[in-house]
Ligand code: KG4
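The form predicted on its own is given below as one chain in structure tokens.
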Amino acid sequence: MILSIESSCDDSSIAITRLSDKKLLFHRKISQEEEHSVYGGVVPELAARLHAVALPKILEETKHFFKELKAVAVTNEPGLAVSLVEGVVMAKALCVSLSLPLLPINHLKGHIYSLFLEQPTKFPMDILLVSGGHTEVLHVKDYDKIEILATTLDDSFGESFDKVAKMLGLGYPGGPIVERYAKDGDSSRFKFTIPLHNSPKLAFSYSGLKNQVRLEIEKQQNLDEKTKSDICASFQKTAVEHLMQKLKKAYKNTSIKNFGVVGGASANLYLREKLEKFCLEKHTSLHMAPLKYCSDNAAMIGRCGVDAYKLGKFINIGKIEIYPKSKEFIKV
């Protein structure tokens, strides 16, 4: 079995995955949403202190698996440096005390593997990764060959939802709150401009849209619940349409056998609906992680760790480093 640890941001999580059949035998996550919500976003130092309390608490529940462990997998990039440290220090301590090899795992690669929990991989696959810090279109050939086809020029898809929620005073995390408000809103009330609408560039941008929302909020004399819902609905419609326009441009003359969507923001049901329609029109198989495994979790790190173990991606515990920004993927 592999014990996996995820602590890249504000979720403390540990999982146990069986090597032979990829079966998820244990998974627990402790969220820090309540503690960070009062600040409207993640406070790195607070996140680190909470990881230091939560991770040992979860680890205590896995002790009966220790004798059957073959390796420890841990997220070491990308993420908040102070948060990553907590998971990596625990992983190193476990490897020393249990005489186990260590597997460093890229957090974004972990999200890709959230599509394959308890099942084989289906590479090659094109993937839309949408999270609080990333918006990328990837072409994944195998574990080692991942090309970035498009990325964001500024804010990410998920980050823009968080910022809109904060501007409206709705709370944190913003993604699910904005989506909930949008369900009761009129998406045609506010005419936000779709970013890079006339640009031939295959890229994403959300800073301008975020600014449009800010200006609209400032114009409102009565920011009642109905207006908040209409702003959320109009924003969500525009944010998703921007994604879909660029995806349609990227694959206008290209066929795709398998297309996946991963990352915390991939739990947005409005986005999923649009992607289902897109893939249906392209005669493409759409792959989505279960909703409970879209956000950061150790189950995806463990599933990625299974393939890393079989490929021998071990590292000396004295040489593992932390990379706040991802260094592995190839941009083309």
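We number the residues from 1 along the sequence you see. Computed from a prediction, not measured in an experiment: that's the story for all the values here.
Another form, the form predicted in complex with the ligand, is not on view; read the next lines as being about it.
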* Structure fact -> For the ligand in the predicted bound form, the stretch among 91 to 99, 198 to 206, 183 to 191, 151 to 159 with residues bearing a heavy atom within 4.5 Å is 151 to 159
* To do: Identify, from the list G260, G110, P173, P104, the residue with a heavy atom within 4.5 Å of the ligand in the predicted bound form.
  => P173
* Partner proximity in the predicted bound form: E179 to the ligand, non-hydrogen atom cutoff 4.5 Å -> yes
* Asked: Wondering, does S131 line up within 4.5 Å of the ligand in the predicted bound form on heavy atoms?
  -> yes
* Is there a heavy atom of A289 lying 4.5 Å or less from a heavy atom of the ligand in the predicted bound form? -> no
* Asked: If you check in the predicted bound form, is I58 within 4.5 Å of the ligand, heavy atoms only?
  -> no
* Does every residue of A265, N268 and D296 put a non-hydrogen atom within 4.5 angstroms of the ligand in the predicted bound form? -> yes
